Ligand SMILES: Cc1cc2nc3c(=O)[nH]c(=O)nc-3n(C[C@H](O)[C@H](O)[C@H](O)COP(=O)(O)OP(=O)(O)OC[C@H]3O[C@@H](n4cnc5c(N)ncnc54)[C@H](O)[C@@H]3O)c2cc1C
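Single chain ahead, written as structure tokens, the form predicted on its own.
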Amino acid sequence: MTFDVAIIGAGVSGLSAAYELKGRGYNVVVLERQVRSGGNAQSERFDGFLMEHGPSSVNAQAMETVGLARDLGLNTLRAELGNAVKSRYLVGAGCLKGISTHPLGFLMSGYLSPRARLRLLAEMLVPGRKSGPEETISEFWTRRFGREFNDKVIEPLVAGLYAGKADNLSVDAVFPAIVEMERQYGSISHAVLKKRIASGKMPGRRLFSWRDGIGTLPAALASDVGDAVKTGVTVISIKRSAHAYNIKTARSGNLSARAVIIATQPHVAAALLEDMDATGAEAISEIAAPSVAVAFFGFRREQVAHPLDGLGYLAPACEKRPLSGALFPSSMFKNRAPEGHVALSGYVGGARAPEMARMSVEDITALALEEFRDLLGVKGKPVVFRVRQWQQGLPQLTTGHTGRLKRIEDAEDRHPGLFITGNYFAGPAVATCVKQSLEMCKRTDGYLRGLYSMEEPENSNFAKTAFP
């Protein structure tokens, strides 16, 4: 059984690739070792509540994802960010501090010290850095905006978005657009003002989801790809022959494909590449993905004293809180909780404390509940609660990431027809994964077109054989 493309992994990256390549006329098969597709983009509805096991929103400015959702017919299911989101919350001095979402919110609030606010204003006077050694996120933001802003704003943001430590992650890998602003304008503040003058408004980031959660996207992709998605299939080896890649599975037989896309978690990709390309496998294996747990609770509205008028809250490491932060799903989007109820999601573990994400469900539940009682004024027992533990969490784009990507790219060059994608290339956001995957599909298409032009100019598909 030979296919044009075999895609290993049915998360957002793998399914996006399958959808795109199928649309280009190729015969594809998607092999997923789990019993369901979607990767960590899982949404679960129960008792009127909606729990996001993984990502919870999409950047509305991500044109690739917006276009993909439109083509899949998902616009009628789209959920826009709620009007209840009026503040951002950070933990300071043991309690939540509300800060306006206005671009000047940090200057107008008392969350930062007067000295730190003056330091923000002085950012335009800091000389731009056009070259030099790679910086961590902490080094970059401290240099430009001061230590307090980094420790109390950027560090918790990084923990919330990447479950990582700002002291370890590469600013070039995580915030490439911000780094480019400094290179082009010499100052982040100057760049933002220039963009504001050009567009007539401040650059913003609007979020959206779908009525039944982020899982709507991979479900729609899988539905469109149809029987090409094979779940419960574990790939144990990939070997290249003269004209194709031979793929061996644990219990589902063998198949071959002219091109192979590995779209799995980094530890799985490294294992699959180990025999074929040890150097590429080593590069991928260096990308850690520390454990993360999500603790979801549903309460009656009167049980929660806090107004919940934000996306959630973030906790700086210096506050030494057990949760890195929390989201307020029922404030973000409609249909996340029954009438008269609210939903809360707390996040445990990540690079700060991966061992905490591996505690028992009972301990994680008790820990998160106590935190919500302290910070949000929660009273009584939850109406519902669930815990999702991810042994492999979000990939850490630490310093040296650009070099690792180059080594992965070299592995692809050594094995024509092999392509690698995933959330460890440019970041775990859904939109980032879609963009990365679609860009990779252009290279896959170019490779296959080259083969067909040389060998089979009359045939757009190599085979139509169905996988059993």
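None of the values given here were measured: they were computed from a predicted structure. The first residue of the shown sequence is 1; numbering continues from there.
Although it is not shown, the form predicted in complex with this ligand is what the next lines describe.
Residue contact with this ligand in the model of the complex: Ile8 places a heavy atom within 4.5 Å of it. At the 4.5 Å threshold, heavy atoms of Ser170 stay clear of this ligand in the model of the complex, well away from it.
Taking the partner from elsewhere, Ala263 is found to have a heavy atom lying within 4.5 Å of this ligand in the model of the complex. Contact check for Leu255: every heavy atom lies farther than 4.5 Å from this ligand in the model of the complex. Picking from 407-415, 43-51, 427-435, 64-72 the stretch near this ligand in the model of the complex, with a 4.5 Å limit on heavy atoms, gives 427-435. The putative spot formed by Lys22, Tyr447 and Leu451 is not touched by this ligand in the model of the complex; no residue has a non-hydrogen atom within 4.5 angstroms of it. Just one of Val292, Val387, Met181, Ile238 comes within 4.5 Å of this ligand in the model of the complex, counting any heavy atom, and that one is Val292. Only one of Ser285, Thr398, Ser187, Thr234 lies close to this ligand in the model of the complex, with a heavy atom inside 4.5 Å, and it is Thr234. If you take 10-36 and check each residue for a heavy atom within 4.5 Å of this ligand in the model of the complex, you get Ala10, Gly11, Val12, Ser13, Gly14, Leu31, Glu32, Arg33, Gln34, in sequence order.
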